[in-house]
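Presented below, as structure tokens, is a lone chain in the form predicted on its own.
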């Protein structure tokens, strides 16, 4: 009886060891893994070091696929795509150029921010025009990204093998909203102060580390110059940097997933 129990335990341990050894293969064969790493990637299941697979790794680089070799006929129809993806990227370029111009005349301090905005609109050549271009481009970018997501959802382009790129799109939509919100605060008027108050109070109710997040965004226990400086850095440096990275991944995956999805 004892031998049978010992043999049973030994078989159980062997079975668990076998499952543990097969765990990496199961992960690499899962839908989540295969949706992230395309064929030819060194992280795909069954990859072997060969000249052919090495060429696949090189060809999977975004630098070699900014322009596809061929484009499907439906992908160039304005009535199908509405050019919403390209329009969103174009608006981001406008925001970058006009934002750099505005940075020359803006100081992120509670004492100077509002006065700099007034001076920009009244005393700087083309200042009012550039600020309005920046403002309306921001509104249009939020609208175009949202409509682009709606178009992708309506055409079922979130389905395999494009599910990972759909997640990237959702992240880009969230970053776009954050970029718009942080820019909304920079004039440092009454609307901005109340927006900061409401936004940081909402974040303060985040479970576990809500107060720490609120303290980091305020730069202290109350709204002040440190708060404006932190939101300014988020708006002009951190968020655009992250958006550029995710846009590069997004464009690359559009090419590697077979281009624009076809009609239903």
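Numbering follows the first chain given and starts at 1. Given the structure is predicted, the values throughout are model-derived calculations rather than measurements.
Just so it is clear, the following notes concern the form predicted together with a small molecule, a form of the same protein that is not shown.
- When you look in the model of the complex, the only residue of 157, 186, 130, 117 with a non-hydrogen atom within 4.5 Å of the small molecule is 157.
- None of 130-138, 108-116, 83-91, 188-196 except one has non-hydrogen atoms within 4.5 angstroms of the small molecule in the model of the complex; the exception is 83-91.
- Heavy atoms of every residue among 165, 247 and 260 are located within 4.5 Å of the small molecule in the model of the complex.
- Residue contact check for residue 77: none of its heavy atoms lie within 4.5 Å of the small molecule in the model of the complex.
- The shortest heavy atom separation between residue 143 and the small molecule in the model of the complex exceeds 4.5 Å.
- For residue 103, no non-hydrogen atom is located within 4.5 Å of the small molecule in the model of the complex, even though that partner is not displayed.
- Contact annotation for residue 176: at least one heavy atom lies within 4.5 Å of the small molecule in the model of the complex.
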